[in-house]
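Here's a solo chain for you in structure tokens, the form predicted alone.
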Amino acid sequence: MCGIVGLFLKDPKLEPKLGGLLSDMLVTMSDRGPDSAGIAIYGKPTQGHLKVTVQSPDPEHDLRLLTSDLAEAGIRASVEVKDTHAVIDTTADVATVRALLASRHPHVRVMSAGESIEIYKEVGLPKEVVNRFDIRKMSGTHGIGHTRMATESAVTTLGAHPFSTGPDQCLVHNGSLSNHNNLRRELVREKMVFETENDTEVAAAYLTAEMAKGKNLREALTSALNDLDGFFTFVVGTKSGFGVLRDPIACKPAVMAETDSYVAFGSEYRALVGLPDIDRARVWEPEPATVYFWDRAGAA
């Protein structure tokens, strides 16, 4: 079943409240998927810096050693530990950081990498995940969240959403893809690497591959309508944008709201009722097979 939320802020005055607003939206969706939850937050980037968010099943061993290990390897970085996750802020490239992790901490997994994105996800209810990572205190320009009812793969941290397979890009999904195994094989031939059996990871990788060919998010989502079979609702985040796509049948519930201050998405309207001025928002159900996309320049 699963529950999705998304919030794209147009008004900079709301940015300090992003974590709190998105957390409330996600917690409201808890009964749509109680096994795991995750949130992606897009903050303001620091010029020339990369943020790599990582997770460890043994944080006491792995994460407390990261700062010294990075320094020993000659990688200039700061590390902020948050429960089972840590954010590595560095001027190095992601390949260098991944190589260090693979050699010294093979159990540590990269949740996301980019200039703006941070992803936090774990097994458990949304309220527990939000509290563990102090999501309510986070600021940013936009974010997406997901609470999962596992139907396609095991209940694990890696199987939780969002999935990020490219820089500053992530995707959450409600539904099921019928051709994800064939598509996975095609993407593997294109050198894409997968860490789970989740069909959503395939969808995320598909969009990454399409955008690597020079397409923007709108064009990649449009291509998905031809190449992905099944029933799905996608909410996608990029460094500057926020996109929504439903399959041509659109059997999964979805509702959107827009004001001069924000654009919001929820699997159900009750996820949106706590947003500022929601009573004055334009509220609608996104159309089937229609790409909706917003970026920092405005609605598209």
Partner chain sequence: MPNFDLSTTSLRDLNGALHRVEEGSNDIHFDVLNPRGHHAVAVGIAAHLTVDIKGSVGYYCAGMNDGADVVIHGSAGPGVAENMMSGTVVVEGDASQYAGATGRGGLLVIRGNASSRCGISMKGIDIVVQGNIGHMSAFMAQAGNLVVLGNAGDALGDSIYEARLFVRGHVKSLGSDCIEKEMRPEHHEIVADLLRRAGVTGVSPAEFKRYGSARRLYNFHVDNADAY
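All figures in this text were calculated on a predicted structure; none of them were measured in a lab. Numbering follows the first chain given and starts at 1.
In what follows, reference is made to the form predicted in complex with its partner chain, a form of this protein that is not presented.
K.L.:
Indicate whether its partner chain has at least one heavy atom within 4.5 Å of a heavy atom of Arg270 in the predicted bound form.
P.N.:
Contact with its partner chain, yes.
K.L.:
Should Pro253 be classed as touching its partner chain in the predicted bound form when contacts are defined as heavy atoms within 4.5 Å?
P.N.:
Residue-level check for Pro253: yes, a contact with its partner chain.
K.L.:
Is there a heavy atom of Pro16 no more than 4.5 Å from a heavy atom of its partner chain in the predicted bound form?
P.N.:
Pro16 lies outside the contact set for its partner chain.
K.L.:
Consider Arg32 of the chain shown here, and say whether it contacts its partner chain in the predicted bound form, taking contact as heavy atoms within 4.5 Å.
P.N.:
Because a heavy atom of Arg32 falls inside 4.5 Å of its partner chain in the predicted bound form, the answer is yes.
K.L.:
Residues in which of 236 to 244, 262 to 270, 40 to 48, 53 to 61 have heavy atoms within 4.5 Å of its partner chain in the predicted bound form?
P.N.:
In short, 262 to 270.
K.L.:
When you measure heavy atoms, are Pro248, Glu285 and Pro288 every one within 4.5 angstroms of its partner chain in the predicted bound form?
P.N.:
Checking in the predicted bound form: Pro248, Glu285 and Pro288 are all within 4.5 Å of its partner chain.
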